[in-house]
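Just one chain follows, in the form predicted alone, and it is written as structure tokens.
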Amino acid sequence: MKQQKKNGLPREETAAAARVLAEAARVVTLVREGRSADAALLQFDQSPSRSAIRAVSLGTLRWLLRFEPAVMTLLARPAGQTPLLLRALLNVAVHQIEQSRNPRESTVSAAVDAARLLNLAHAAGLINAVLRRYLRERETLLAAVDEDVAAGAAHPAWLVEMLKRSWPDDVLAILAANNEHPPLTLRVDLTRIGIDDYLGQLQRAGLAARAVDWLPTAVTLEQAVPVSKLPGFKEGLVSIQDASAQLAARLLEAQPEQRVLDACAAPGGKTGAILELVPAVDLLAIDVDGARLQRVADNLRRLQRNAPLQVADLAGDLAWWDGRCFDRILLDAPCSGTGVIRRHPDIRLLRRADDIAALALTQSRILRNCWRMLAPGGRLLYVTCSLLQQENDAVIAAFLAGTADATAHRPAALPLAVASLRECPVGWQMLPGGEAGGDGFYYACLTRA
């Protein structure tokens, strides 16, 4: 017997699509209420639909600031008077209409069914009417939204203005890169296996990949796969880490036997990278969040590396410090995350314009405290995953102006030939995407006289 169909799809598939839309709408609602997407998605870790829910949720968050103005014009009431869950479901449905390969009519039906799953049955007729009108008018609606650069790129207007001030010649390329799906890049432990040998393992596993020519430890896969399918991941031969993040360990230029502080270390990607690059360092990893520091411990265990861990607030007093200075300090400062928006599209909704000045104050406070712990002749590498000069060069320039024994230093490992790496007045900015293919990261290396 042939399976009954509804709007071009088997009923079972329509029911499954409705469940995914409903769960994605719940995730988007939680993000609109202030929770991170990663936290909102945790509840679905054991769900057989986990991958689909994650893809639809993150895709909706990536494009919400473009799709929402279009669909909200079809409602008689203002967006602020529309319940968040209803708005989320409409946005999720519009995202699927625009991005999914499923028939558009089937997405409308799935959204109506999802409304019932979300206890929004009273709004099912409204959802059906709005989405069907959207199907008829979508080109006109989106064209009107796209007249505004920020809305067309699905970015908050305040962020686009800040990006224009920081990178006037690159802002359009940055917005485009932020809307790309990020690559899956691996860090290979070269003390245990060579790049060519690991590429061979990937090939035998049926996974196409290439070496990153400007970074000796990096391999990028052509298509993302679960970590369970990566040869050697469980044994610690490789880790998932963006190429721009991997570069930080090399720029630190740590030497064997040196005492190294990995400040703001969680979740431990850079901790592992330092220990793989220079196994004989005396490294201490610190983070203010004990739960996140546990992730550092878990990562080090998988990598078969060891380092003492310390829960401490580097923006506060240094009562925990034993007075022994560090030869190298990697300060991965808390920041806006505007350089990793393509990986964390919820940043577009969670971050606010007035966050930036507050973050800069925290960054300056942590930088001053870390400088107190740096040995004479030592080096501190200041790193953020931000694209905003207020958090980057402005913080470092102000620190240099007020610190007599601090000078800027250019690390030998900087890949200056990479077009995505731009020299700033003090440090260097890797722009997202482009030739390098990495996330947006800022680096400044300071030497203590």
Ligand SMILES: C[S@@+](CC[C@H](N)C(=O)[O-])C[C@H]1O[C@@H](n2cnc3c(N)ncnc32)[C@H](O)[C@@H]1O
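Every value quoted in this text rests on a predicted model; they were computed, and no experiment measured them. Position 1 is the first residue in the sequence shown; the rest follow in order.
Not pictured, yet referred to below: the form predicted together with this ligand.
- Of the stretches 117-125, 219-227, 152-160, 259-267, only 259-267 has residues with a heavy atom within 4.5 Å of this ligand in the predicted complex.
- Under a 4.5 angstroms non-hydrogen atom cutoff, this ligand in the predicted complex has R292 among its neighbouring residues.
- This ligand is not shown here, but in the predicted complex it comes within 4.5 Å of a heavy atom of D313.
- Contact annotation for P334: at least one heavy atom lies within 4.5 Å of this ligand in the predicted complex.
- At the 4.5 Å threshold, heavy atoms of D287 reach this ligand in the predicted complex.
- Residue-level contacts in the predicted complex: of L283, V108, I366, L237, one residue has a heavy atom within 4.5 Å of this ligand, and it is I366.
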